[in-house]
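Single chain ahead, by itself, as structure tokens, in the form predicted on its own.
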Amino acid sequence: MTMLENKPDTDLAAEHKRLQRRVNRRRWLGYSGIYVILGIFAIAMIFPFVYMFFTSLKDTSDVFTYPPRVLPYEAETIEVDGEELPVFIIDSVDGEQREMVLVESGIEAGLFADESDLETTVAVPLEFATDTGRTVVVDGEELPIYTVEVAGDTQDLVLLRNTAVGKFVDPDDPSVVGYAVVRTAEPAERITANWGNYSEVLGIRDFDKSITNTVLITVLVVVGSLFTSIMGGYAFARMNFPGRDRLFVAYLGSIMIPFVVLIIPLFRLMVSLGWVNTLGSLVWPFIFNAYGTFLMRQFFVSIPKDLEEAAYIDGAKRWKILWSIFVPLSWPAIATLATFMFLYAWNSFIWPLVSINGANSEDFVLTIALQTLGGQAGEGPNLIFAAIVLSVIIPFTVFVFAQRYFVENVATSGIK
């Protein structure tokens, strides 16, 4: 007999519970590790988009702040005697840090430090320092020692060099003053959001017109390609005609031809039709899509023929069968194709760059407008980021709403 068989039932139950707790603990630790790793990767993927969005809300000066900051900040100001003055964080003469405003600059001062710690310096007006007559040698240089009042305490400090400081006062209590080098004084800041960047970027070289053009072209390409792909897919899937399979293979083989090979003949065709430098050249070539026809054909083939035969018996024609039976059953494939075509039309760059004249900004699309904006607003990265956010938000929203159908199409693609 085994050891477990010799134990009483109560001991066996306790042993079983201990083993179960151990298994649950290991499982919990394993899941926790997986979620931690996935969370780190998710943060790494999301962070660039978060930084892009917050940078689009910054002022130009805040963009170039070092070290870089994620959130947008702006300098605080306060109205004093009808004038807006910047606010600084200054050590007052009583040793407390306060928010103060600059009332006087160019005051003669000295940069003082303790003999034992020359790295930590303090700027004090010379009128508050008294020469002791003593000196100290620092790096082979003889420097004077002054008696200086710092934060209410009197100290003997070494004068490293002369400088100029500004006089700051507490706006709530003008009797409280402080002195600091204006150039290195720390400004008081608060988190803000400069939404005006978006309205400003929309006014740069018809950027708003580029958004309108892109939306129009994308809608026409998506609707047109869906219509032709549904019609072509149904014809290749359900209609029998001579040479159907050979024609489908030839049509499908056009997918393997790189688009760069087609640019020159396609451009010559647009020249012959007089469509160069028009929005039509960005729509018509992409309405007929071999990939979309293939996708819809494969989905239509999986639909049982019994449904089609039953509709025939009831007197329905092919047009009625297509739009009343096949299309409603094919929403996952239609949504997938619409998403792909939307992203392709929205992000198209090479063909608009070739077919639209660079001087014709009224017919620009977003990709070309962003390239142009990079040169015009090169010194304002916040405006460039604002333009990128405007160009990303629409496809991002479309993908979020369409991903359910996309996943459903992938999940059901192997089911017969």
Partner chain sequence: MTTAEQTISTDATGPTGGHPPWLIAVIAWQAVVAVVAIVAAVGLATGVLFDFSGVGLVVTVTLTLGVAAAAVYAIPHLLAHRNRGRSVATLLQYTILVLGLIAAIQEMGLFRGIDALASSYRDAWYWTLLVVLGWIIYSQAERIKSAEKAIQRVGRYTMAGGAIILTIAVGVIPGTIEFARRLLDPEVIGLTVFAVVSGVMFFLLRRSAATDLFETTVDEAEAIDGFLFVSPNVFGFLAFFAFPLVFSLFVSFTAWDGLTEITWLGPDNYIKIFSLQFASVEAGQAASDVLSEGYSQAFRFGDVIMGARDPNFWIGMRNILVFAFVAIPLATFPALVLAALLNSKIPGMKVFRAIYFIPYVAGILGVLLIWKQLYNASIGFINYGILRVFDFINAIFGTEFVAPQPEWLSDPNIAMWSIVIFFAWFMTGYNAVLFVAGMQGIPGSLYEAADIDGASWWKKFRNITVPLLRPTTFFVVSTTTILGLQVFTEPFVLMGPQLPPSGPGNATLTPVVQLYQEGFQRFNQGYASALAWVLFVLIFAVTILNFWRQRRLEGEGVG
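Residue numbers count along the first chain shown, from 1. Computed from a predicted structure; not experimentally measured.
Not on display, but discussed next: the form predicted in complex with the partner chain.
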| property | result |
| --- | --- |
| Location of the partner chain contact in the model of the complex, chosen stretch of 107 to 115, 155 to 163, 123 to 131, 68 to 76 [non-hydrogen atom, 4.5 Å] | 68 to 76 |
| Candidate spot Phe54, Leu143 and Gly196, all three touching the partner chain in the model of the complex (heavy atom, 4.5 Å) | no |
| Gly280: touches the partner chain in the model of the complex, heavy atom cutoff 4.5 angstroms | yes |
| Contact of His16 with the partner chain in the model of the complex (heavy atom, 4.5 Å) | no |
| Exercise: Pro332 in contact with the partner chain in the model of the complex, heavy atom 4.5 Å | no |
| Distance check, Leu390 to the partner chain in the model of the complex, heavy atom within 4.5 Å | no |
| Option touching the partner chain, based on a heavy atom within 4.5 Å in the model of the complex, out of Leu247, Val103, Leu202, Val182 | Leu247 |
| Residues of stretch 229 to 264 in contact with the partner chain in the model of the complex (4.5 Å, non-hydrogen atom) | Ser229, Met231, Gly232, Tyr234, Ala235, Phe236, Arg238, Met239, Asn240, Phe241, Pro242, Leu247, Ala250, Tyr251, Ser254, Met256, Ile257, Pro258, Phe259, Val260, Val261, Leu262, Ile263, Ile264 |
